[in-house]
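Taking the form predicted on its own, here's one chain by itself in structure tokens.
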């Protein structure tokens, strides 16, 4: 087989890149280790920056988003019974975010790729990117017991933190930066109206909590739990009792419990791999970086990687210039580290750490009070939350 770009990974970043390339007339094939149903079944983020919304429009995959996405002009942070709203729209000259689940984004991109007649090979086994340090990369894989090779110009590694692409890079060529947090988020998805019309983050004596949503009739809630906890040990009643204890009373009174559609624990990690380019192999999204979900940056960072990579590939094929490809890693990492900083800051502000002293907790409170009192501080949070410019 022969194509111009092989994309490894059919999550939202791989599908988005593939759709943009197809619309630009650049041949591409997507390989995915899992089945399409498995990919669609993953429950992930749901807050989209305007940059990602614009990219989905450019990819021709924004029709349902425009119809069903919830535009949010702000969010709230609670400390005990106190609550403070960050006015995103007012503090950023009109910028907002859109709540629209990653599962829906993936479904829309799958549909768009199907309509375009572009190829996704699901359940591809033993995927192996090779010879990407030279001029003629090859990706080998097995499907239904048969071996195949695809010759290509470039490989895009969009296969996540545990994927094969980063593992295929010689260790001496990588610098890894990581912080593992001593807790996770226990998340519950429930078919009940949200407790508030905007997201509510909360720091309480019992730990962090978040009231979010996927639609006007479907809510997504989280509570901080220790890294050793198991989701199956939490009944629905226990979860909602704990959630109500951690959020301000007016929010707690509006929480409507229900049977969990999905319940899982997500560990929290900060991770960056540098660089993000190795010859003709480019890493994007979770293959190169992970952020704690506190700042709603994971999916959005993947989108900015795809913005830079797509522009670079289009420039290569349309204009014969490799300037964008040469600059890809530096450009992407500059934005990655700023998002890492914001997510680290939000995580530190809102969570209770096992080693926290009374001094540490006073510092959290002082930070919250400064945020409430300073327009400049609120503006900084709003600017980062809606997404820094590409």
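Keep in mind that this is a model prediction, so the values were computed, not measured. Numbering follows the first chain given and starts at 1.
Below: the form predicted together with a small molecule, not depicted.
In the predicted complex, residue 158 approaches the small molecule with a heavy atom inside 4.5 Å.
The closest non-hydrogen atom of residue 137 lies beyond 4.5 Å of the small molecule in the predicted complex. When the small molecule is considered in the predicted complex, residue 184 lies well away from it, no heavy atom lying within 4.5 Å. For the chain shown alone, residue 21 is not a contact residue for the small molecule in the predicted complex, no non-hydrogen atom being within 4.5 angstroms. When the small molecule is considered in the predicted complex, only one residue from 330, 42, 341, 352 comes within 4.5 Å through any heavy atom, namely 42. When you look in the predicted complex, the only residue of 120, 152, 169, 164 with a non-hydrogen atom within 4.5 Å of the small molecule is 164. Figure note: of the listed segments 29 to 37, 58 to 66, 332 to 340, 355 to 363, the one touching the small molecule in the predicted complex, with heavy atoms no more than 4.5 Å away, is 29 to 37.
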